[in-house]
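Two forms of the same protein chain are encoded below as structure tokens; each is given separately, as structure 1 and structure 2.
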Structure 1
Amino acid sequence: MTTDLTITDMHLDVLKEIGNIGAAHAATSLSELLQRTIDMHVPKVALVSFDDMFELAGGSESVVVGIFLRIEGDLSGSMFFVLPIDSANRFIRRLVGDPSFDFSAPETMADIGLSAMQELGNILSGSYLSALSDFTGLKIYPTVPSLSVDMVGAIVSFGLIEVSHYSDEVIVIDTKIVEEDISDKSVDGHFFLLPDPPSYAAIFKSLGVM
């Protein structure tokens, strides 16, 4: 990175621990929403290049469902949650009980399914940011999430504008969602946490890992 702070494995391990706590909170909320047991965990947190980030999400030209929000307060940055179309369809169909819902076919996308997807973004981002706020003591607020269906490159590039002034790498938080009894069909998603680089120091200083 070109910022004064070098991100180390220790920094990423701390973020992974926070991510797993946030995921546990999110799983509880989703279990109540779906009235079935949901497990969530963070298998990996990594610092990757912009190109590698696109590849993790299936390639810059892959069409995905993306939820975007800004982080405000003592920190600033962007957060994305990106789901493959198939995973997003499976989750929303089960959530709203509409087997015809399809993010790749606009005529089938009922408002209730779109609202459910935005609520998923609210739950996931809110849970993670709450855990980050609890650990750091920093005041962190998410903006209202926006939902889009587009190519990975088109969705994420907006959030890279500010970061690219300072760095060519971002922190990626892998998140896996597993529904009870269908563990072979997990909903794989990627969190892209893009703190504006001046915020890195604030995060790790508050965590005592500068």
Structure 2
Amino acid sequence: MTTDLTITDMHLDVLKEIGNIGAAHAATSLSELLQRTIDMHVPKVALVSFDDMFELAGGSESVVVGIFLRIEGDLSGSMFFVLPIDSANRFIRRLVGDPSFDFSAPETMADIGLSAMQELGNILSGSYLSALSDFTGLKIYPTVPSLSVDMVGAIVSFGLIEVSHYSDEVIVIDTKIVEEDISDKSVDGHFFLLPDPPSYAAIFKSLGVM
């Protein structure tokens, strides 16, 4: 299916644009939730190998908090919200007001923190996808997000299963999340949208680029 569509730089630019629109909405939601200025932008839209995809998310063996959901409808694909443990802890401690909450100590993790993390994923993906849906006119239905604290490769490969039926490469729309107020300007997390290859045509068609 992917063979009848050659992905060009123009296609990737268009995806970057819709990624930026989704990111702007998600950033507003997250800033309101956390009462902090959160900046999100799309540094990269690319066709990459699966191993390179893991590198973008921090390296296949690095431990992260990952929220995964599938999207269905006119556009199908996988969506990930991937945060290093430290960032996830900072966000959740602030949200639930529990300074002892720690994703790296599963036995002491309070349910409220896990629910908050899932809800965070829900709100972010919801605002991102509704912006995407408004802009493209495509109907998009997200599943309820699911949470896992584990290695990047183990988490993200699950979202690549569908793609792997078609290809050894994936189009990644990578949204970088950065908190403005903290002195350390390192990336706090990523938001990945991985469309299933049969959906590429639907996206480009809706945007008039094929």
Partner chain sequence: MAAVKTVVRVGIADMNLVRESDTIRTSGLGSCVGVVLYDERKKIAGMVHVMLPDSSLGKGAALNAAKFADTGIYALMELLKTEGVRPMSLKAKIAGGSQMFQFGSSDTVRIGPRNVEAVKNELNRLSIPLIAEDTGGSSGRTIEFDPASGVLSVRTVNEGTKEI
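Just so it is clear, the structure is predicted and the values come from calculations on it, not from any experiment. Each form is matched to the other, and the largest set of C-alpha atoms that superpose within 1.5 Å is called the rigid core. Structure 1's sequence is the ruler for residue numbers, which start at 1.
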item: Pair member that is the form predicted in complex with the partner chain; value: 2
item: Residue shift check between the two structures, rigid core fit, residue 199 Cα at least 2 Å; value: no
item: Backbone CA shift between the two structures, residue 18, after core fitting (angstrom); value: 3.2
item: Between the two structures, how far the Cα of residue 28 shifts once the core is aligned, in Å; value: 4.0
